[in-house]
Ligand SMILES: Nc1nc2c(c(=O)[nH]1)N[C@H]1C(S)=C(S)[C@@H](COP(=O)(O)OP(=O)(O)OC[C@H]3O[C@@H](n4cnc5c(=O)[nH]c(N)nc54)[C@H](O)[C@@H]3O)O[C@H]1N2
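In the block that follows, a single chain appears as structure tokens, in the form predicted alone.
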């Protein structure tokens, strides 16, 4: 298919129209989007008390194609009971991720046991009783809990509370497979692991570095802010191995002029090798020092480690930097000059930075570069990890982590009688490794697609398949439901955010707490996540703990507990009355006083890693398509890259010739984790020596290598060999 010449535009408008028609009409879709609920997709921040299409600054009609895709999925008709008799598990395994997503809404608890050919509908009582009995008979050290970013703060807090009271510290979330490297890296530099800016800062900056991300596909509303930077006369520097269509030019549907003629996004586009970001960032930092553009007063008063960093950067040779980054010295010096001329700079990044064996070091290098010119700790400047789900950051805030802060442990003990389990909690990859080794018996997944989010698909299916019991709380079908089943599996249907019978809260990537009102239930059968967790808590722990599980069925009571237990969430205790949404204090730095013990930021000396790969090999990064959100595939085609199918590898024409391959033919792609047969497509927009494949299908090739500090898998740098079939 032909690649479009810009992101957004009429194709997005046409898609919204078609999705609305499938969902009952444009007015019905508009009514659903305007309800006072936080958006279900990215964490940019939309919806809440003032309405569903209102951003954190109160601006209206803030909506994008991703919002429509997620809403349309939740507005699907229910999957009828006869579906489960008509379709065997083996048949469903042949369905694509898109087919599973579009099967309809889950409305009945489903049970499957090893040896059965079909899923079997069951009652809620049967499901919860079986889960509780199994947990009663299982050591807490053999049970893990996994949370997605789709759920509310209330559901996340309540389930992690249940887990701790039960005796398990194996509490983790999907951020370990996406932005955990950001949290660890930022904490090590600033003492806080989230964005240092608020949305208003994006309206004030005059330069944005966008590194290792493609918001045109994954966070379209962010592109409008980048366009606004250009309109103000500012600069947008995109650093990515691939020239992405929507980051060159974007047609914003809500702006007539932009829709008709398009708006420029990137003012500079730099293509490092996959895995070359750390060398590139170090090169720009070295060039800043060569220019004498560093802020010496800021560095000496507000940072530690400056002299060590300066000596390290000066010791690096340009030959090494160029070889390991794939970028010329001239390009890096040009970026340094742009940076030196700017007054307010924001550094933003996504998983092109974190999905590496040195993901934490990548983030530390970004922080180093920002601190060199004092671009953290003042308005209009700072650091912005672009979160990929609307409440993934909130999950971490409310305690969905293997190891809680000491103050939260203390308050949990005071308020709920929680005793800290003796065993150390495992992160997401650690739980999967333990399951593969037979050391886990039960897994409980609150939303998400744990199988689809994992590296090494065959290994992941084997790990989850060894569990005695696997429980999924979901709204629609996904690949994990059919490819990753325990010896006994329950799929429990739950309500979407805008169907909740009570208000809930979520947290945006700007540390902003949103208040969602819920709404009418679309189908009979699904239950609120909070209701399911509270009932399970009553069956499992009723009478054994000080927690009144009936009281915990009310989300306002959970918010009261959050206000007392989690520092920074004190205002949640009054939000039902005040309706006041708020920024969590202590995370945004508009003054150069940081959350470290001495109030100073830390600079890090970072050796440059060797580039992976070698003669006859390619570096592959897994990417999402324009018709996709996280592991959910809404559409097969990728308009922005001109692809009509997903079983492809996109390779530069020069590499196709170098490797003696033929474009348009099937090839075998082999890594240390596995192999796939896909179609070879020429793609001039990628830097030679590198290649693209679609996630999550290409997870079959991704080894379980992870960054040692954050335990984030290296999805973005897989060394492969490509050969003719």
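Residue numbers count along the first chain shown, from 1. All figures in this text were calculated on a predicted structure; none of them were measured in a lab.
One more form of this protein, predicted in complex with the ligand, exists but is not displayed; see below.
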query	finding
Contact check for 148, 151 and 621 against the ligand in the predicted bound form, heavy atom at 4.5 Å	yes
Distance check, residue 71 to the ligand in the predicted bound form, heavy atom within 4.5 Å	no
The ligand contact at residue 355 in the predicted bound form, heavy atom, 4.5 Å	yes
Close approach of residue 347 to the ligand in the predicted bound form, 4.5 Å, heavy atom	no
Non-hydrogen atom contact residue 711 with the ligand in the predicted bound form at 4.5 angstroms	no
Among the candidates 177, 250, 209, 510, the residue which, in the predicted bound form, approaches the ligand to within 4.5 Å (heavy atoms)	177
Proximity to the ligand in the predicted bound form, single hit among 643, 397, 517, 218 (heavy atom within 4.5 Å)	218
One stretch from 295-303, 159-167, 111-119, 472-480 that, in the predicted bound form, holds residues within 4.5 Å of the ligand by heavy atom	472-480
Heavy atom within 4.5 Å of the ligand in the predicted bound form - qualifying residues of 699-725	699, 702, 715, 716
